[in-house]
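As structure tokens, the next two blocks hold two forms of the same chain, structure 1 and structure 2.
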Structure 1
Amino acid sequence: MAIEFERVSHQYVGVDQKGYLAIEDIRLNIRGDGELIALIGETGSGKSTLVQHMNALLQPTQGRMNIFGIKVDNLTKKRKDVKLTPIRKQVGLVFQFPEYQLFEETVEKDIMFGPKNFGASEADAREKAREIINVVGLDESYLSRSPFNLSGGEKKRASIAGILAMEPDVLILDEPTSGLDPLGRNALLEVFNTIHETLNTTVIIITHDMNTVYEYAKRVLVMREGTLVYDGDPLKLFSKKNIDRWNLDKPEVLALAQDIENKFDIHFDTPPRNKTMLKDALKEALK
């Protein structure tokens, strides 16, 4: 198991010195075998706090974590024998705003920073930058450009490349498609899907977009008021009961498929996950 939460809770202390419980009694396992996981929940439900525990940016105030064999609890910071640096290499976290992670003069130097920090030579880090820039859908001409002169979508890709260059086993992306138009969103999601499939990297995406969840995710985690209330199949998540219970938006493809079934009195054996699947299923149903 790559990441284990053993009854983990985390409490922030506010300026008034009162405690605020952000996540409570989380029991969760991330296998690390190439899953594509969507993490959803309303604003303030604890999603960001949860993923920051996955690479030990935050430590539990109660409970314990096991991250690639390293035990992490509320005493970890005080123990000199526990090194958290290896975790940061194995579990890469891309923040919602790429400006938080882009700081070098060029995109190439930004991508090279992580590998060099973990011991790669200048030559090896430069070669890795050339390799990774293509993985995220940019060409090598971007390597010499300033990251601050890129578009929003290009900045996101550059920040993802910097994390990917460290070859993490788990890649976490916080709202990676926010602020992008539909074309930019779809292009970036295909990048994540390619990373997941070709590199066998476990990808965890925090998102509010139910279309993303329905079309791409193999597993969905739902946070609500600091607790994990669902961990399972995306198709089962979007039952009428769950949509009403958690006030979820119905994915566009699912809504369209259900309208077609009701209007034409047909039934799809397997709910189509995207428009191409819907088109093929409709052809088969009308034969």
Structure 2
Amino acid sequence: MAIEFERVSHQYVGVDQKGYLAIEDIRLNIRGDGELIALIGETGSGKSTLVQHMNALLQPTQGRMNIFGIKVDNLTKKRKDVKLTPIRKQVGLVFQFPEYQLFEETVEKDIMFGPKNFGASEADAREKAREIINVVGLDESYLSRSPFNLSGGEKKRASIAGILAMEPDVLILDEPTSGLDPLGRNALLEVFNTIHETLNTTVIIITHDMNTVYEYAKRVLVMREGTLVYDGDPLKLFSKKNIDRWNLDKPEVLALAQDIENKFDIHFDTPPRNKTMLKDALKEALK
């Protein structure tokens, strides 16, 4: 098991010392065998808080976790003998707001930071930066630019590049495509999907876009008011009952496929998950 949550809660302590319980009693297993998982839920439901536990950036205020063999609980921070740094390499987290992730003078240095921190030579880290910058859809001219003068979408790409450069075993992306145009969004989703398929990396994507969930995810987690209310198959997630219960947007392709089935007496054996699959399934059905 890569990441195990055992009854994890996290209470933020604010100025008033009263505290705010952001996630509550979470039990969760991430096997680390190359799943692509979507994490969804309303604003404020605890998604970002949950994933910040997965690389021990936040520690439980109650309960415990096991992250690649390292036990993490509310006492971990006080213990001098527990090092959390190896976790940061194994579990790469791209923050929701890239501003919090970018801190070097240039994009190149920013991307090189992770690999160098974990033992790569200067030359290898530089080579890695050159390679990765194209993967996230920026060209090499961005390497010499300051990350602070980039557009929102470019910052997002630069921060993703910095995490990809570390080649984590588990890659967590907190709303990686928010603020990108549709073309850029689809291209990045394909990048994550390719990483998942070719490197067998476990990828966890937080998103509000149900089309993304439906097309890519093999497993979906749903957060609601700090608790994990669903952990399972995307097809079952979009049953009428769940859509009504959790007020979910129905994925466009699913709605279209169901319309076609109802109107034309066609049945799709395997539900198509994107437009190309729908087209192919239709061709097959009309033969």
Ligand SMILES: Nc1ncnc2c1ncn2[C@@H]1O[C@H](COP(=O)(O)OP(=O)(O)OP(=O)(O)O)[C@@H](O)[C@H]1O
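FYI, numbering is relative to structure 1, first residue = 1. Since the structure is predicted, the reported quantities are computational estimates derived from the model, not experimental observations. Each form is matched to the other, and the largest set of C-alpha atoms that superpose within 1.5 Å is called the rigid core.
Form predicted together with this ligand - structure 1 or 2: It is the second structure that is the form predicted together with this ligand.
Which entry of 48, 93, 56, 228 falls at the hinge, with the rigid parts compared between structure 1 and structure 2: Only one option sits at the hinge, namely 93.
Whole-degree angle by which the smaller rigid part turns once the larger is superposed between structure 1 and structure 2: Turning angle of the smaller rigid part: 15 degrees.
Distance moved by the residue 133 C-alpha between structure 1 and structure 2 (core-aligned, Å): Here residue 133 registers a C-alpha shift of 3.5 Å.
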